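Single chain ahead, by itself, as structure tokens, in the form predicted alone.
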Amino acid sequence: MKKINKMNVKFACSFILAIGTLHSVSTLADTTYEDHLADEANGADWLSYSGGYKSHRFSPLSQINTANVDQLKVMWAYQMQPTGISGAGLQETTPVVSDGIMYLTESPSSVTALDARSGNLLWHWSPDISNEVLNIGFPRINRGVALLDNNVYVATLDARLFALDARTGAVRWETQVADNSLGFSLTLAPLALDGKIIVGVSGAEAGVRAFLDAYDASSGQRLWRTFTVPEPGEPGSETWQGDDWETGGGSTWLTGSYDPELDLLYWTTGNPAPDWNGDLRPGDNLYTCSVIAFDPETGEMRWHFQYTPHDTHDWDANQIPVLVDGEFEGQQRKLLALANRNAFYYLLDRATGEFLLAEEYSYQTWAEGIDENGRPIVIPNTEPTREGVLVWPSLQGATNWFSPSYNPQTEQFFVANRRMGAIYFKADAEYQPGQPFLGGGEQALDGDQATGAILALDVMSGEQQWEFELLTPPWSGVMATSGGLVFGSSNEGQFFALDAATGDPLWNFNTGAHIRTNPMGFSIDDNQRVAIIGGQTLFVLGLE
């Protein structure tokens, strides 16, 4: 860890615009832990990646509603800045908003602060990242920042974690999380807890042994590290043989959720390595393709649930765990809902990890169903072969990293659904540090055989209420609002609003470019706003 007490020469441009009645960055209020605790009910700000610790991605604002959404218009737009880093053209960030300032990342790892009223640039910071940085199995992207007190936290493609001054973009501290030369990378938005910053790693396609880390928010000192693949003698190690665990994967590359009452941190894990040749790693391969509940003070695992044991189709469980409170089968329970990449929707008791329900929400051909313990009943001859075998869904899954949304007022769970199959192949694999460790591949069924949809599910049963069909599989998430709306987007660049009760389309806007982000919302001067990124342009829309 390197502490920096002066303005870092790497931060590209840091300046304040003071126009009319715009906020001065120097007078901004801090984003406290208490603010995060209240985030779900606070429609003015959007303080974390999923809009709150429960990860509902739900806006409680109703100024924009089913009666007037067709009057939405662009209030301002911001064009992303070129970086000079090859392959950094995709944007997957979710902006956050605190006290009238919007913070977002620009791929691969830059941070920008904008005035949320006008879109005027306040400051922009870029780390020094080489074109030689490794990103095996995923694009050169970043999904956002975390806010805590007067700092902005960003994780970088070359596996570093930075704390920036929220007012100026100056570097407060940086620390090296992992060795990028081995394939480790950071692409997620960190999660800010009380005095801690939580980050996970990408890299399973390079055969890394993944982990989850907690860092002291003020100093950057690492507080704990918990590996997601156990070493010999640890619980779960019996699900690996020999030294397979050393290159076992289990990446933690998507932001988790947190229950402050239970004081449990929930994080999902990725595929085992190598991806498609399971012969090289016999067993269930814990704790890959799982959700894990952690003690945020110590990093100790409290419980786990594995969605896809011995995964051989790259159906990692890196989807957002949504925390739901409600009545399940006549009993009030604290629940965790997750639409998995493997095409099943799950409900768990989030206090204990008890399996409660699984329902197929997308076409699949690999499992007859899920048994009473939550274990899939696998159909024979669906594992990859050297000749190739056709299985649904494709490795990109029935959904992927992009966010679902939950409306607690209607108990509806909304998810963007990819409908693709693939021919899966198995191949030999030999581990070499910093090289792809895959053991096969896939040939996806694209064209007319690939479609998509936005689905509305009853959160307590998984029963489908409606679907809104898309021409192609989406790469972007959804956001529900108290105005009876669900915002989503298509691969072709259409940003749209649906009636949450029926799925009927009410409004759309052509961004003119591919959309690969999640919508978010906030308000400024009591005016509700919705934001989306199309291509390299951030659009902020409102009624006035």
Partner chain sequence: MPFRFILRPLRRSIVALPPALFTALICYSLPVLAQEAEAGEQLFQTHCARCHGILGEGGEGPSLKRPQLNHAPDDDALYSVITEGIPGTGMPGSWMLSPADGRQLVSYVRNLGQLPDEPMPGDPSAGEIVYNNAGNCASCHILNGIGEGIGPQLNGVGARRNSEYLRRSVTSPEVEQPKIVDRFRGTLNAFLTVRIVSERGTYEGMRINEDAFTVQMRDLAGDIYSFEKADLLSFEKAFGHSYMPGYGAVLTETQINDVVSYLMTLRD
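Nothing here was measured: the structure is a model prediction, and the numbers come from that model. Positions refer to the first chain, counted from 1.
Only in words, not in the display: the form predicted in complex with its partner chain, which the text now covers.
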Decide yes or no: are 179, 241 and 402 jointly within 4.5 Å of its partner chain in the predicted complex, with each residue judged by its heavy atoms? no
Have a look at 90, 129, 391, 264 for me and say which one sits with a heavy atom within 4.5 Å of its partner chain in the predicted complex. 90
Can you pick the one in 494, 63, 66, 42 that has a heavy atom within 4.5 Å of its partner chain in the predicted complex? 494
Have a look at 182-190, 430-438, 100-108, 289-297 and name the one stretch with heavy atoms inside 4.5 Å of its partner chain in the predicted complex. 430-438
Heavy atom to heavy atom, is residue 468 within 4.5 Å of its partner chain in the predicted complex? yes
State yes or no: in the predicted complex, is some non-hydrogen atom of residue 383 no more than 4.5 angstroms from a non-hydrogen atom of its partner chain? no
Does at least one non-hydrogen atom of residue 232 fall within 4.5 angstroms of its partner chain in the predicted complex? no
Closest heavy atom of residue 446 to its partner chain in the predicted complex, within 4.5 Å or not? yes
Even though the chain is shown alone, can you say which residues of 181-212 have a heavy atom within 4.5 Å of its partner chain in the predicted complex? 205
